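First structure 1, then structure 2: two forms of the same chain, each alone, as structure tokens.
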Structure 1
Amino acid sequence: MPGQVQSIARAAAILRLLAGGSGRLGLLEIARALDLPKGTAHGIVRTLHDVGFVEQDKTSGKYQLGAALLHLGTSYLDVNELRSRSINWADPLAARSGEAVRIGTLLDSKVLVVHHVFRPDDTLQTLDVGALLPPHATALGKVLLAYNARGGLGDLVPYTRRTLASPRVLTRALAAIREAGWGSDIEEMTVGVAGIAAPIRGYGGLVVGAIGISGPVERVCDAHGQPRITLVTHVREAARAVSRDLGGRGQ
């Protein structure tokens, strides 16, 4: 069997590096991170730039993922069955809850956001489709971990003082999610933000994704700091509806 084409493997490594970073990277940073000669890295990055997979900031000279690559990713998400089946139920959930709605699934120990509906108001918001979220610090992720944690819990980075960064505490929380059929996070990834999510099931009852809302704590939670029951009900109803469309069963 033929081996890898080295240049393609290196190009893929550069794209993964840019996708996983928190910002733009310079050529020297890319070369050092992947242990590549600077000239080799420059040639690959230049080719990726020429085809639109990488863009260069004119001010800093650093690189980031390009629009052409992001378009390919969005095209994949457009044909993703989970996303296509969820669209009809995400908008009504946003309207009923008054909060942003996200649908996610696990990908390489992260939560891939496959659909995002903006909060129905005039505030400035950023589209999260294609974003990778930490599963242990988000309602979407904890729901997915509760039913798909066979590969382990991953790296439990503490994002706030309320993040469940202890395996023992997180395991206990996941058991409670399985029992209740829904999960939440309250300021576990971002201070002042809370979320509620419920599992989406496919054929055979397998959990293939999750749907959830997120918004300011004072709107998502009641006076006792607990998720509002009406919002939990809206999220679970949406999850059941998507599950039915996927041929699964709600809960």
Structure 2
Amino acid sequence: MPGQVQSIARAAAILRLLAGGSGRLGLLEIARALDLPKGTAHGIVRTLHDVGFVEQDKTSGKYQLGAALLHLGTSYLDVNELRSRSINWADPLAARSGEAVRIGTLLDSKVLVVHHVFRPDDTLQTLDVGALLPPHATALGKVLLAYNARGGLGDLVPYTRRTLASPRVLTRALAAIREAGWGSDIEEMTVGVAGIAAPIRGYGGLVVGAIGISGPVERVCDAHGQPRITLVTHVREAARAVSRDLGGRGQ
């Protein structure tokens, strides 16, 4: 595979930097972070500005992401097959389980949320479509990692006392998920919150995403602290349904 176009790869790195960093960044911060000369960085940023991918705060001169990216991002949702096939099954799952449903896929060792239906009750919730979740601390993420060909595990930062922060423990958990066909996380990212997820298979049986629910531990888990079997069944059935729609073998 021949090399990449240098300037485009650099431009992408700048955009990722702006997305990851805390909001605005100065030109020099960008140049230093990517180890580029000022002039070079400026040229790239200028064109990114011209095409609307980057905006500049006139007073401080700092740069941030631009409006054009928003439309590109939502356009991606329109063509994403995993999402479009999932939508019909996510709503029933939310209704039956009474919990929030999320569908995610792996984006360089993180979980990208491509669809999200709120918990049926009327509590205030924020839409996290487009958010990146830690793979090792969420049911969605662990399921995706379990079936991931490339073995990257991500950062393994501990969020709570129950987070699986050691590679050995995590790989064993992933093996268990492969064995069972589904996974869960119990207060591993947020205290008081648990989740259940199952893999979605696309054409050829390859795992292309995961669907899962999450909610308060006391509702998601039974008296023994284990995920309720009825909820697990609902999630796995939804995953199979989506897989079937995608043309995969559905488990």
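Start at 1 and count along the sequence of structure 1; that gives the residue numbers used here. From a predicted model like this one, the values you see are computed outputs, not experimental measurements. Note that the rigid core is defined as the largest set of C-alphas that superpose within 1.5 Å between two forms.
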Mind telling me which structure is the form predicted on its own? 1
Taking 2 Å as the cut-off, check whether the CA of R236 shifts that much or more between structure 1 and structure 2 after a rigid core fit. no
Threshold 2 Å Cα movement between structure 1 and structure 2 for I44, core superposed: yes
Does superposing the core leave E55 with a CA shift of 2 Å or more between structure 1 and structure 2? yes
Just grab the Cα shift of A31 between structure 1 and structure 2 for me, core aligned, in angstrom. 7.4
